[in-house]
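Have a look below at one chain only, the form predicted on its own, in structure tokens format.
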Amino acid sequence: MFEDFSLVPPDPILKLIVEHKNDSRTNKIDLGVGVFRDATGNTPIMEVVKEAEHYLLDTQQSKAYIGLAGDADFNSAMQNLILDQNITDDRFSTIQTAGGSTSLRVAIELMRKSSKDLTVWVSEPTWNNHIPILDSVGVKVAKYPYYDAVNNQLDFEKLIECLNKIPSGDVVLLHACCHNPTGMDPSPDQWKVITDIIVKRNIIPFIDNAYQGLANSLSEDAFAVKLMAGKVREMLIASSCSKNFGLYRDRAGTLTIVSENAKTNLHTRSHVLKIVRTMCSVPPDHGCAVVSHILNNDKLRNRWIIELNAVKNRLKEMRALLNQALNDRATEFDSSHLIKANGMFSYLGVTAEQVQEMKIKHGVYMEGAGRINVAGITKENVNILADAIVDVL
């Protein structure tokens, strides 16, 4: 059975992790791996998460299975967070998933079940696991223009031109905020234009909501989700707690279904749960139980927001720090896009050859397209990084 298997090339990010680990240079810099890091280079556990875990340790009485949809209190709290309001409308339903990736996979399985002909449109570029997940289910994939790599900005004109040509009934995969890998998000006014086209052309929005709270505020980062939810007939929202709660390995997430009416939602939810049953039977509980305890306790929720704001502010500070360091070197390289972008990721604006040169000469590791995780920048390494960038330019 296994004789004809060829070796699958390693994931580029996982390969970078190994290469960085094996690099003996003391001044090496890791800008590749997609996790938050504090000023010391660690990926910390939030204090409020630790407190919630202690609470669960002291109070949980069983490790029995939870239902296919997960915990109702968690789902309700997440639904209200994602949509920035108290949801009581039966057009909306949310299920618990094993992180954002599983949420994406379940949603795509549902799309495939509903139609063999639809195409899912993704931004060019997009998160490097979006297309593999789509391909694994066998849906058709197309790309819409998103980023102007010459000027390091959102290519809004070409984006709109493409949206106006997408066939009715197709799905468009959008990033709610902190676009990965570019960090460039539409403005509120631009989101309104995008939404109007989606409604007019009867396109189905599929929103990947992985970074809520890391761009501006929880409410501001929900703008596009809330706007579309109030105008479209159908929508799917895949959400992750990995980044804004720091629960990377605990795999906590949700899938939210927006339908035309309560009856349609009930029927759709039943098909979603059937898919869940055949994939993982029931979702894992620990990370989601932590989030539920935090979101349903006002004191803990307020403390979480303070800690989340500290994460967001560090990312903004490191963007500004690198931009200033490059400006201080008086090069012609325009790095202003770094402070216009949001979240953990940005395109640096260098070529694949320059990326390789920085790795070989300076021990600076990033994705081949020049995507950097700004959380890998510190006050101690920013000048080393700026010198490396100037050197390869």
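Residue indices: 1-based, along the sequence shown. In this text the structure is predicted, and so the values were computed from the model without any measurement.
Not pictured, yet referred to below: the form predicted together with a small molecule.
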Non-hydrogen atoms within 4.5 angstroms of the small molecule in the model of the complex: do 147, 178 and 347 all have one?
no
In the model of the complex, the one of 243, 319, 293, 105 near the small molecule [non-hydrogen atom within 4.5 angstroms]
243
Answer option from 69, 33, 46, 325, heavy atom within 4.5 Å of the small molecule in the model of the complex
33
Want to guess which of 33 to 41, 354 to 362, 57 to 65, 329 to 337 is within 4.5 Å of the small molecule in the model of the complex, heavy atoms only?
33 to 41
Check residue 74 for me: does it contact the small molecule in the model of the complex (non-hydrogen atoms, 4.5 angstroms)?
no
So in the model of the complex, is the small molecule close enough to residue 18 to count as touching (4.5 Å, heavy atoms)?
no
Within 4.5 Å, heavy atoms only: does residue 127 come near the small molecule in the model of the complex?
yes
